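Listed next as structure tokens is one chain, alone, in the form predicted on its own.
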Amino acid sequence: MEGFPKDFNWGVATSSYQIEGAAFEDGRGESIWDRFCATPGKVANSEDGSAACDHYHRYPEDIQIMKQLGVSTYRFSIAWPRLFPMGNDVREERGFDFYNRLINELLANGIKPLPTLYHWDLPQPLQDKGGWANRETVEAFKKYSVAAVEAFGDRVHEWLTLNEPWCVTWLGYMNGVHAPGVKNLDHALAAAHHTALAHAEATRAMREVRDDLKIGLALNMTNYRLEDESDPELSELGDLMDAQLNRWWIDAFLNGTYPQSLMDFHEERLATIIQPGDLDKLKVQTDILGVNYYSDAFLGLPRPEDKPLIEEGLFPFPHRSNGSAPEPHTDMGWPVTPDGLEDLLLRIARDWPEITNIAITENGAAYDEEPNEDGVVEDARRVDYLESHLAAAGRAIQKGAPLKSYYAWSLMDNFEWAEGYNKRFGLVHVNFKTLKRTIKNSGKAYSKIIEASRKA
């Protein structure tokens, strides 16, 4: 695989609610995903993450699998309700003890930890007060972040604050398909602002504890491909969606601003959310831009027979999402567009030259292959996805993109949010009845890529 330097960071990624299980053990508090999963009709097959992959008890085995794969770094998330079950100042030391054990075991095996402080499992008591739509959550997140750095910062020097705040905002508070299941545009816009503010406030507070930290956040990003680039309505829509997904949080931490097109579009609503002095607080030194990339997005205006996919009032025109997307698609219905990863990385390098450390913090594909009679998981489609996207990333590095790290999503099959256990992203197969782990052919292929890059 060309383009990757010998010191490139090769990793795998997971998140707490998706793999840990032990949801009711050792004082862990209720999260919004516990509540969401318990609400009928919200999650496929009424499944939940209460057991998941039982990583809470099996983490030594999982770390040995990482070592076998040859990864040098592991991106995981800390479950806020394990450390502060009520979302207030009352600590749960058994939660701190778990992450101390996890971090120490990683380091003992030569694997660098990269914790994400928030990967969607907000303590439910904070949601009872409005969650990310409530400005008080910013202060609660800052205090939690400081406590994590105080506990683990002597061994952990790189951190991510938030994972995919776009999903937190628009999937959680606008269309309600993710926890907490709210459908309210004002709440979504407040969450968009408060997550940006939380990243900045927490980052500054963490650096006051330790000045040797590298801190970033992980954004889901894509390229919007327009079915007709000459259509003015579609061009305006594409710009608004790019502003909402790709530019909102980057403009915030780099410039202390939000995209003007969205500020204008939501002017009256944002005027009641953004308080005097807030924009000055948004700008903060951000050392790592995590990019979660799965596929490009394709936009077209609807035909008469199409049903609009976006709620009225969120954007000026109804449209078709992925209506003209090329085949093949993954089990999530997402097109496979590896060239888009190269384009996105080069776009970041071009449009935001201040960003000098990009990490692909998630990249992967859902395919449902099971072990054959010999116990081998022949997931050729995932191997192709992995190899084609890594080739694209390597080309981007050769053309000047400051890509330093790659984290395959995911280490293992896990609880895939509202999809339950229907969608498998793992390099490692998990039998959810026995919890047996089996490295798939894609995991073996990834291991060979890592080994070859280090010898190049």
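A residue's number is simply how far along the shown sequence it sits, counting from 1. On a predicted model such as this, the values are computed, not experimentally measured, just so you know.
The same protein also has a form predicted in complex with ligand FCB, omitted here; what follows describes it.
* **Check all three, Gln18, His119 and Glu164, heavy atom within 4.5 Å of ligand FCB in the predicted bound form** => Per the other structure, all of Gln18, His119 and Glu164 touch ligand FCB.
* **Heavy atom contact within 4.5 Å of ligand FCB in the predicted bound form, the stretch among 264-272, 137-145, 345-353, 291-299** => Selected range: 291-299.
* **The unique member of Glu416, Asp62, Asp34, Glu47 whose heavy atoms fall within 4.5 Å of ligand FCB in the predicted bound form** => Exactly one residue meets the criterion: Glu416.
* To do: Give a yes/no on whether Tyr56 approaches ligand FCB to within 4.5 Å in the predicted bound form, heavy atoms considered.
  => Contact check for Tyr56: no, nothing within 4.5 Å of ligand FCB in the predicted bound form.
* Partner proximity in the predicted bound form: Tyr406 to ligand FCB, non-hydrogen atom cutoff 4.5 Å -> Because no heavy atom of Tyr406 falls inside 4.5 Å of ligand FCB in the predicted bound form, the answer is no.
* To do: Consider Glu362 of the chain shown here, and say whether it contacts ligand FCB in the predicted bound form, taking contact as heavy atoms within 4.5 Å.
  => Output for Glu362 is yes: heavy atoms within 4.5 Å of ligand FCB.
* Asked: What residues of 422-440, in sequence order, lie within 4.5 Å of ligand FCB in the predicted bound form by heavy atom?
  -> The stretch 422-440, when checked against ligand FCB in the predicted bound form, contributes only Phe425 at the 4.5 Å heavy-atom cut-off.
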